[in-house]
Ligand SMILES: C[S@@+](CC[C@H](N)C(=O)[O-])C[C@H]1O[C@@H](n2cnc3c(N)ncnc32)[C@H](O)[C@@H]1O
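Taking the form predicted alone, here's one chain by itself in C-alpha coordinates.
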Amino acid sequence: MNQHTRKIVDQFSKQAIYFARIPGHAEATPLLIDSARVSPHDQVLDVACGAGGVACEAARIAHHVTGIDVTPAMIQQAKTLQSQQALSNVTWHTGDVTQLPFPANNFDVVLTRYSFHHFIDPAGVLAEMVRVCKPNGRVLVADLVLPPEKIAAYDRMEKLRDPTHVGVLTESRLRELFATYGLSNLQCCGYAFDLGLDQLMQASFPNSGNTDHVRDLIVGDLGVDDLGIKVHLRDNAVWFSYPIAMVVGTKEA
(Lines give C-alpha, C1' and ligand atoms only; values in the text may rest on other atoms or scores of the structure.)
Protein backbone atom coordinates (compact mmCIF):
# COMPACT_ATOMS: atom_id res chain seq x y z
CA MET A 1 0.00 0.00 0.00
CA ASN A 2 1.55 3.32 -1.07
CA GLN A 3 1.59 6.49 1.02
CA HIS A 4 -1.36 8.10 -0.75
CA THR A 5 -3.50 4.99 -0.34
CA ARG A 6 -2.64 4.90 3.36
CA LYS A 7 -3.84 8.51 3.62
CA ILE A 8 -7.12 7.56 1.94
CA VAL A 9 -7.71 4.64 4.29
CA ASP A 10 -6.91 6.82 7.31
CA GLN A 11 -9.10 9.73 6.25
CA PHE A 12 -12.10 7.73 5.10
CA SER A 13 -11.99 5.43 8.09
CA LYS A 14 -12.64 8.58 10.13
CA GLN A 15 -15.17 9.97 7.66
CA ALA A 16 -17.13 6.76 7.03
CA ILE A 17 -20.06 7.31 9.42
CA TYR A 18 -20.36 11.03 8.63
CA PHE A 19 -20.01 10.47 4.89
CA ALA A 20 -22.90 8.01 4.90
CA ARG A 21 -25.19 10.57 6.55
CA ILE A 22 -24.71 13.52 4.16
CA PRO A 23 -28.21 13.93 2.65
CA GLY A 24 -27.09 15.38 -0.68
CA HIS A 25 -25.49 12.08 -1.60
CA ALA A 26 -28.80 10.22 -1.55
CA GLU A 27 -30.76 13.00 -3.27
CA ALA A 28 -28.54 12.95 -6.37
CA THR A 29 -28.26 9.17 -6.67
CA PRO A 30 -31.38 8.48 -8.84
CA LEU A 31 -30.05 10.87 -11.50
CA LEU A 32 -26.82 8.90 -11.65
CA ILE A 33 -28.64 5.56 -11.95
CA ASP A 34 -30.85 6.95 -14.72
CA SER A 35 -27.87 8.42 -16.57
CA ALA A 36 -26.08 5.05 -16.50
CA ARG A 37 -29.26 3.46 -17.89
CA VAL A 38 -29.13 0.64 -15.35
CA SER A 39 -31.58 -2.12 -16.31
CA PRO A 40 -32.80 -5.36 -14.68
CA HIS A 41 -30.37 -7.62 -16.58
CA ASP A 42 -27.27 -5.56 -15.79
CA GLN A 43 -24.18 -6.53 -13.85
CA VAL A 44 -23.00 -3.25 -12.28
CA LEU A 45 -19.65 -2.30 -10.74
CA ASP A 46 -19.39 0.69 -8.38
CA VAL A 47 -15.74 1.78 -8.20
CA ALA A 48 -14.67 3.52 -4.97
CA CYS A 49 -18.16 2.74 -3.68
CA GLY A 50 -17.71 4.42 -0.30
CA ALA A 51 -20.61 3.87 2.06
CA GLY A 52 -22.62 2.01 -0.58
CA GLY A 53 -25.37 4.51 -1.39
CA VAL A 54 -25.01 4.26 -5.16
CA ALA A 55 -24.49 0.50 -5.19
CA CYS A 56 -27.57 -0.18 -3.05
CA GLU A 57 -29.71 2.15 -5.15
CA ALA A 58 -28.52 0.43 -8.33
CA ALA A 59 -29.30 -2.96 -6.76
CA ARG A 60 -32.99 -2.05 -6.64
CA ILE A 61 -32.96 -2.26 -10.43
CA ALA A 62 -29.93 -4.27 -11.59
CA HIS A 63 -29.50 -8.04 -11.61
CA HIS A 64 -26.38 -7.77 -9.46
CA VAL A 65 -24.10 -5.01 -8.15
CA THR A 66 -20.49 -5.23 -7.02
CA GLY A 67 -18.95 -2.48 -4.91
CA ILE A 68 -15.23 -2.03 -4.34
CA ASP A 69 -13.42 0.42 -2.06
CA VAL A 70 -9.97 0.51 -0.50
CA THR A 71 -11.25 1.55 2.95
CA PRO A 72 -12.57 -1.31 5.11
CA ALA A 73 -14.61 1.09 7.28
CA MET A 74 -16.48 2.30 4.20
CA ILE A 75 -17.22 -1.27 3.13
CA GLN A 76 -18.57 -1.95 6.64
CA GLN A 77 -20.92 1.04 6.29
CA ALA A 78 -21.99 -0.29 2.89
CA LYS A 79 -22.74 -3.74 4.33
CA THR A 80 -24.81 -2.12 7.08
CA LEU A 81 -26.81 -0.18 4.49
CA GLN A 82 -27.34 -3.34 2.45
CA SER A 83 -28.64 -5.14 5.52
CA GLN A 84 -30.97 -2.29 6.42
CA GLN A 85 -32.42 -2.36 2.91
CA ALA A 86 -32.62 -6.19 2.79
CA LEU A 87 -30.75 -6.40 -0.52
CA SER A 88 -29.38 -9.81 -1.48
CA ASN A 89 -27.87 -8.93 -4.88
CA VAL A 90 -24.83 -6.89 -3.79
CA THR A 91 -21.26 -8.13 -3.29
CA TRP A 92 -18.52 -6.05 -1.65
CA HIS A 93 -14.76 -6.08 -2.15
CA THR A 94 -12.05 -4.28 -0.22
CA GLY A 95 -9.32 -3.48 -2.72
CA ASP A 96 -7.29 -1.07 -4.80
CA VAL A 97 -9.34 0.44 -7.62
CA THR A 98 -6.21 1.26 -9.63
CA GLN A 99 -5.91 -2.47 -10.35
CA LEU A 100 -9.43 -3.86 -10.36
CA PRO A 101 -9.50 -7.55 -9.38
CA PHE A 102 -11.99 -8.49 -12.10
CA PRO A 103 -11.62 -10.00 -15.57
CA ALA A 104 -11.97 -7.94 -18.71
CA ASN A 105 -15.41 -7.45 -20.28
CA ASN A 106 -17.24 -8.45 -17.09
CA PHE A 107 -19.77 -5.69 -16.27
CA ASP A 108 -22.58 -4.02 -18.21
CA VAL A 109 -22.22 -0.77 -16.24
CA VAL A 110 -19.11 0.54 -14.49
CA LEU A 111 -19.49 3.76 -12.54
CA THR A 112 -17.89 5.91 -9.88
CA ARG A 113 -18.99 9.02 -8.00
CA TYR A 114 -17.00 11.74 -6.18
CA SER A 115 -13.76 9.79 -6.46
CA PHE A 116 -11.66 11.06 -9.38
CA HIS A 117 -10.26 14.05 -7.46
CA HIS A 118 -8.68 11.58 -5.01
CA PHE A 119 -6.76 9.66 -7.67
CA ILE A 120 -3.12 10.39 -8.46
CA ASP A 121 -3.74 8.80 -11.88
CA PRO A 122 -7.41 9.24 -12.82
CA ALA A 123 -6.64 8.21 -16.41
CA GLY A 124 -5.31 4.89 -15.14
CA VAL A 125 -8.45 4.26 -13.08
CA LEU A 126 -10.64 5.08 -16.08
CA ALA A 127 -8.60 2.66 -18.19
CA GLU A 128 -9.31 -0.07 -15.63
CA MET A 129 -13.02 0.80 -15.62
CA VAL A 130 -13.10 0.49 -19.40
CA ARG A 131 -11.17 -2.80 -19.29
CA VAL A 132 -13.71 -4.53 -17.04
CA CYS A 133 -16.71 -3.12 -18.92
CA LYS A 134 -18.35 -5.31 -21.56
CA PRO A 135 -18.40 -4.17 -25.18
CA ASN A 136 -21.45 -1.91 -25.65
CA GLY A 137 -21.54 -1.41 -21.88
CA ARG A 138 -21.64 1.99 -20.18
CA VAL A 139 -18.99 3.77 -18.13
CA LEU A 140 -20.00 6.73 -15.95
CA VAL A 141 -17.95 9.18 -13.90
CA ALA A 142 -19.55 11.82 -11.68
CA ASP A 143 -17.32 14.30 -9.90
CA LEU A 144 -16.70 17.92 -9.06
CA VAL A 145 -15.48 19.92 -12.06
CA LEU A 146 -14.33 23.53 -12.19
CA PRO A 147 -13.26 26.08 -14.81
CA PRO A 148 -9.48 26.17 -15.24
CA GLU A 149 -9.14 29.55 -13.55
CA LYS A 150 -10.79 28.28 -10.33
CA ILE A 151 -8.86 25.06 -9.88
CA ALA A 152 -5.65 26.30 -8.21
CA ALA A 153 -7.45 28.17 -5.41
CA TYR A 154 -9.89 25.34 -4.81
CA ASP A 155 -7.18 22.69 -4.76
CA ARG A 156 -5.12 24.66 -2.22
CA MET A 157 -8.11 24.93 0.11
CA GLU A 158 -9.26 21.35 -0.33
CA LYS A 159 -5.83 19.84 0.30
CA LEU A 160 -5.86 21.61 3.67
CA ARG A 161 -9.31 20.21 4.46
CA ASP A 162 -8.73 16.72 3.09
CA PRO A 163 -5.13 15.49 2.71
CA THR A 164 -6.30 12.84 0.21
CA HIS A 165 -7.38 15.44 -2.34
CA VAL A 166 -5.20 15.42 -5.46
CA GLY A 167 -6.85 17.77 -7.95
CA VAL A 168 -10.06 18.75 -9.70
CA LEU A 169 -10.51 18.19 -13.41
CA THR A 170 -12.31 20.40 -15.88
CA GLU A 171 -15.33 18.92 -17.64
CA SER A 172 -13.49 19.15 -20.95
CA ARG A 173 -10.57 17.14 -19.54
CA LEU A 174 -12.96 14.47 -18.30
CA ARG A 175 -14.51 14.24 -21.75
CA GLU A 176 -11.05 14.00 -23.32
CA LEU A 177 -10.19 11.05 -21.08
CA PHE A 178 -13.35 9.25 -22.13
CA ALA A 179 -12.49 9.71 -25.79
CA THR A 180 -8.88 8.64 -25.21
CA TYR A 181 -9.99 5.29 -23.82
CA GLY A 182 -12.37 4.52 -26.66
CA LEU A 183 -15.67 5.53 -25.10
CA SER A 184 -18.16 6.91 -27.58
CA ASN A 185 -21.69 8.34 -27.65
CA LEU A 186 -20.72 10.62 -24.78
CA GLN A 187 -23.55 12.16 -22.81
CA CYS A 188 -22.93 14.85 -20.22
CA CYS A 189 -25.13 16.45 -17.63
CA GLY A 190 -24.59 18.22 -14.36
CA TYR A 191 -26.14 19.19 -11.09
CA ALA A 192 -25.37 21.29 -8.03
CA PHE A 193 -24.59 19.48 -4.79
CA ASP A 194 -25.39 21.91 -1.98
CA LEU A 195 -23.78 21.49 1.41
CA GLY A 196 -23.52 23.55 4.57
CA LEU A 197 -20.09 24.50 5.88
CA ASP A 198 -20.90 23.08 9.31
CA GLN A 199 -21.97 19.76 7.72
CA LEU A 200 -18.75 19.63 5.74
CA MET A 201 -16.50 20.34 8.69
CA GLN A 202 -18.24 17.75 10.87
CA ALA A 203 -17.20 15.16 8.29
CA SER A 204 -13.67 16.56 7.86
CA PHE A 205 -10.47 15.62 9.61
CA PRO A 206 -7.80 18.10 8.47
CA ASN A 207 -4.24 17.94 9.69
CA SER A 208 -3.65 19.70 12.99
CA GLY A 209 -4.13 23.46 12.84
CA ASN A 210 -5.87 23.58 9.45
CA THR A 211 -9.53 23.55 10.53
CA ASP A 212 -9.87 27.26 11.24
CA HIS A 213 -7.86 28.14 8.14
CA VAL A 214 -10.21 26.11 5.93
CA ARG A 215 -13.24 27.79 7.47
CA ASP A 216 -11.66 31.21 6.93
CA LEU A 217 -10.90 30.45 3.27
CA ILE A 218 -14.47 29.35 2.57
CA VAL A 219 -16.14 32.17 4.51
CA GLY A 220 -13.78 34.64 2.85
CA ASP A 221 -15.04 33.53 -0.54
CA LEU A 222 -18.55 34.89 0.12
CA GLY A 223 -19.42 37.13 -2.81
CA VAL A 224 -16.03 36.47 -4.44
CA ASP A 225 -16.19 32.90 -5.80
CA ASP A 226 -12.48 32.42 -6.30
CA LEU A 227 -13.05 28.81 -5.23
CA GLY A 228 -15.75 28.19 -7.83
CA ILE A 229 -18.25 26.70 -5.38
CA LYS A 230 -20.61 29.69 -5.01
CA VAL A 231 -20.28 30.23 -1.28
CA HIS A 232 -23.46 31.90 0.03
CA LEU A 233 -25.55 32.50 3.14
CA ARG A 234 -28.69 30.51 3.84
CA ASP A 235 -30.63 31.20 7.03
CA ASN A 236 -27.55 32.94 8.47
CA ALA A 237 -25.39 29.86 7.83
CA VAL A 238 -22.63 29.45 5.26
CA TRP A 239 -23.41 27.09 2.39
CA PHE A 240 -21.78 26.33 -0.92
CA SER A 241 -22.62 24.47 -4.11
CA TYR A 242 -20.35 21.88 -5.71
CA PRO A 243 -20.74 21.85 -9.53
CA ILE A 244 -20.92 18.15 -10.42
CA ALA A 245 -20.53 16.78 -13.94
CA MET A 246 -21.62 13.32 -15.02
CA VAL A 247 -20.09 11.89 -18.17
CA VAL A 248 -21.37 8.62 -19.62
CA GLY A 249 -19.80 6.77 -22.53
CA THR A 250 -20.30 3.48 -24.36
CA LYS A 251 -17.47 0.99 -24.78
CA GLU A 252 -17.07 0.24 -28.43
CA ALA A 253 -17.65 -3.34 -29.51
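Quick note: we count residues from 1 along the sequence shown, nothing fancier. Every value quoted in this text rests on a predicted model; they were computed, and no experiment measured them.
Keep in mind that the form predicted together with this ligand is not shown, yet the notes after this line are about it.
In the predicted complex, this ligand sits within 4.5 Å of a heavy atom belonging to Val97.
Residue contact check for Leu45: none of its heavy atoms lie within 4.5 Å of this ligand in the predicted complex.
Not displayed here, this ligand is approached by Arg113 to within 4.5 Å at the level of heavy atoms in the predicted complex. Put simply, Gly50 is close to this ligand in the predicted complex: some heavy atom of it is within 4.5 Å. This chain is displayed without this ligand, yet in the predicted complex the stretch 114 to 122 from 83 to 91, 148 to 156, 114 to 122, 129 to 137 comes within 4.5 Å of it by heavy atoms. No residue of the trio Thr170, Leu227 and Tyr242 has any heavy atom within 4.5 Å of this ligand in the predicted complex. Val70 is the sole member of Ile61, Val70, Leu195, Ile33 with a non-hydrogen atom lying within 4.5 angstroms of this ligand in the predicted complex.
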